[in-house]
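Okay, so here's just one chain, in structure tokens, the form predicted on its own.
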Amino acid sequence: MTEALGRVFMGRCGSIAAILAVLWGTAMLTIRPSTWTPPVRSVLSRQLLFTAVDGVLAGVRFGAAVGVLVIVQAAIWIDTLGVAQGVVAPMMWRGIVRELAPLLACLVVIGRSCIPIATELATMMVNGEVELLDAEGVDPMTYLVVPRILSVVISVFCLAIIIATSMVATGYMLGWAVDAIRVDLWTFLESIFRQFNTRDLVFFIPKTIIAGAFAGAICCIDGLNVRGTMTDIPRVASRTGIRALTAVLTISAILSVVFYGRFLMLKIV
């Protein structure tokens, strides 16, 4: 059992080291001007179109649905616990910015883009296209990996902002309709802005960027590590989704503990 646990632990460490190595290589290539050849820029623009632009409607729908759930729960707390209505806006803002919007953005990107990216790269590996690119002098890391990871990072950050806006707008409209919010829109937004904390912004930016970077790296690594036939590609796709989602949830938990010094209800000294 000890040997098995050791193998599992070393395997996880190796996976994390591979992800960090890919992210480091991506960062180094990104700041190098020679990387941004017309083909690489074309791949990045197409990937951004698919991942970010085409994902806006999905993000708005996700944000609207979760915004409804949040305001329904707020109404229940108001009626059951006698919570003052003035805490609804701050509660929504903190929950949305700190946790919900980044997580939902990652879910949208993983479902719409990370799994297709892994499938695409795995298909290229099985068909020998990656080896062909390498033989022609095209660096697969520069041409295939860098633009895809960057597109995932940018998309998660932008979609998190859109989802947060959708959640606040939907939450206010429904809250006003069910009498959970009894102030006008400008007063509601003003109460949110008063609760704005630079610490939340500092938390929001790295949470979306780091989670997006890990999700993008995982889908690229899984896609390029496939060894087998076309029948292995669906297995790679499903594994990528689970691994990326696990990484995002783990990173979210770790960053929450680091930034706010709390684990669940316990304050970390």
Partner chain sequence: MPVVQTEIEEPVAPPKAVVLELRDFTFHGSSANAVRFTDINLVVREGELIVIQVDPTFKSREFVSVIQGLKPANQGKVLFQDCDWEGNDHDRHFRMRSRIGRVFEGHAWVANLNVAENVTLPGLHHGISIGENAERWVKRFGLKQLSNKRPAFVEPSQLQIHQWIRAFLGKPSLLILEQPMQYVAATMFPVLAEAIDEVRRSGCAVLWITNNPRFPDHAFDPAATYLHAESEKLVALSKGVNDE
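Positions refer to the first chain, counted from 1. Because the structure is predicted, anything quoted here is derived from the model rather than measured.
Beyond the structure shown, there is the form predicted together with its partner chain, which is absent from this document and is the topic of what follows.
K.L.:
Out of 216 to 224, 40 to 48, 53 to 61, 231 to 239, where are the residues with a heavy atom within 4.5 Å of its partner chain in the predicted complex?
P.N.:
That would be stretch 40 to 48.
K.L.:
Its partner chain isn't shown here, but in the predicted complex which of 103, 154, 173, 133 has a heavy atom within 4.5 Å of it?
P.N.:
Of the candidates 103, 154, 173, 133, 133 is the one lying within 4.5 Å of its partner chain in the predicted complex.
K.L.:
Which pick from 187, 127, 197, 73 sits with a heavy atom within 4.5 Å of its partner chain in the predicted complex?
P.N.:
Result of the distance check: 127.
K.L.:
Residue-level question: is residue 99 within 4.5 Å of its partner chain in the predicted complex, judged on heavy atoms?
P.N.:
Because no heavy atom of residue 99 falls inside 4.5 Å of its partner chain in the predicted complex, the answer is no.
K.L.:
With heavy atoms only and a cut-off of 4.5 Å, decide whether residue 162 touches its partner chain in the predicted complex.
P.N.:
Result no; residue 162 lies far from its partner chain in the predicted complex.
K.L.:
Against its partner chain in the predicted complex, would residue 107 count as a contact residue? Criterion: heavy atoms within 4.5 Å.
P.N.:
Close contact is absent here: in the predicted complex, residue 107 is far from its partner chain, nothing within 4.5 Å, heavy atoms only.
K.L.:
Flag residue 138 as yes or no: does it have a non-hydrogen atom within 4.5 angstroms of any non-hydrogen atom of its partner chain in the predicted complex?
P.N.:
Output for residue 138 is yes: heavy atoms within 4.5 Å of its partner chain.
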